[in-house]
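Just one chain follows, in the form predicted alone, and it is written as structure tokens.
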Amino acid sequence: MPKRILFDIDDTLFPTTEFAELARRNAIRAMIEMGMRKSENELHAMLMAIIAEKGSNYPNHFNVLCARLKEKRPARFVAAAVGAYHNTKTSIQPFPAVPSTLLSLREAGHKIYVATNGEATKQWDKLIRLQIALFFEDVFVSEELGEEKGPSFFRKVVKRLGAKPGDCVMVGDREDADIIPAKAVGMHTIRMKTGRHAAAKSSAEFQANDFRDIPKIIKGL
């Protein structure tokens, strides 16, 4: 039975898609409260276009938004948006079964880790705010490994663990980032049917609708 289990963060450990939408809406409303003369839907459409263009990890979405609106003095709008966005972080929670399941896996003798794309500080911030950071033996982030999740990323992780691929399990919601590359190096895979990719087809060995299913699946490997 595999003893090393790696988890993605976004839409695997907590509902990232729902949080991101709430945070963006709160940011836009804060800009309007500060005098931005556009409707919420107009600003949301522009913001989502900028995110699609720049990527979700780009740090200056609201600066670009103000530039495209030709705001001559954008500071108050950017400050309001960033403040509201970060204030929303105080409300984030993991999926309900996550803490108890992580605890049960540790008690069963498994070592659990995180394998995620993104900036290290931001990903650690999520784990700390979710109050689950201390469950994990280590956290592997694309920024620190020098590449995003793919076969090479997972080979580096397996090497750092001093393990064989067949002794490791990758649990994530995305076929492209979590399942296919982990399978390519010989890891076991469990696809969580959560978040915006929930309906996508998967080649994972197992799929789970509920986080509580993971210990039983792993026990059967």
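The numbering used is simple: start at 1 and walk along the sequence shown. C-alpha atoms forming the largest set that superposes within 1.5 Å between two forms make up the rigid core. Predicted, not measured: the structure shown is a model, and the values here were computed from it.
Below: the form predicted together with another copy of the chain, not depicted.
What is the one choice in G83, P151, P99, G118 with a heavy atom within 4.5 Å of another copy of the chain in the predicted bound form? Flagged contact: G83.
Residue contact check: E71 to another copy of the chain in the predicted bound form, 4.5 Å heavy atom: E71: no contact with another copy of the chain in the predicted bound form.
Residue-level contact is defined here as any heavy atom of the residue lying within 4.5 Å of another copy of the chain in the predicted bound form; does I112 satisfy this criterion? No, I112 is distant from the partner.
Evaluate E107 for contact with another copy of the chain in the predicted bound form, applying a 4.5 angstroms cut-off between non-hydrogen atoms, and reply yes or no. E107: no contact with another copy of the chain in the predicted bound form.
Report yes if any heavy atom of A133 sits within 4.5 Å of a heavy atom of another copy of the chain in the predicted bound form; otherwise report no. A133: contacts another copy of the chain in the predicted bound form.
Within 4.5 Å, heavy atoms only, one stretch in 162-170, 33-41, 183-191, 50-58 touches another copy of the chain in the predicted bound form. Which? In short, 33-41.
Stretch 124-142 - residues with a heavy atom within 4.5 Å of another copy of the chain in the predicted bound form: The stretch touches the partner through W124, D125, I128, R129, A133, L134, D138, V139.
Could you check whether the CA atom of I180 moves 2 Å or more between the shown form and the other one, using the rigid core for the fit? The answer is no; the displacement is under 2 Å.
With a threshold of 2 Å on the C-alpha, tell me if G162 counts as moved between the shown form and the other one once the core is superposed. Superposed on the core, G162 moves its C-alpha less than 2 Å between the shown form and the other one.
S152 C-alpha shift between the shown form and the other one of 2 Å or more, rigid core reference: No: S152 shifts by under 2 Å between the shown form and the other one.
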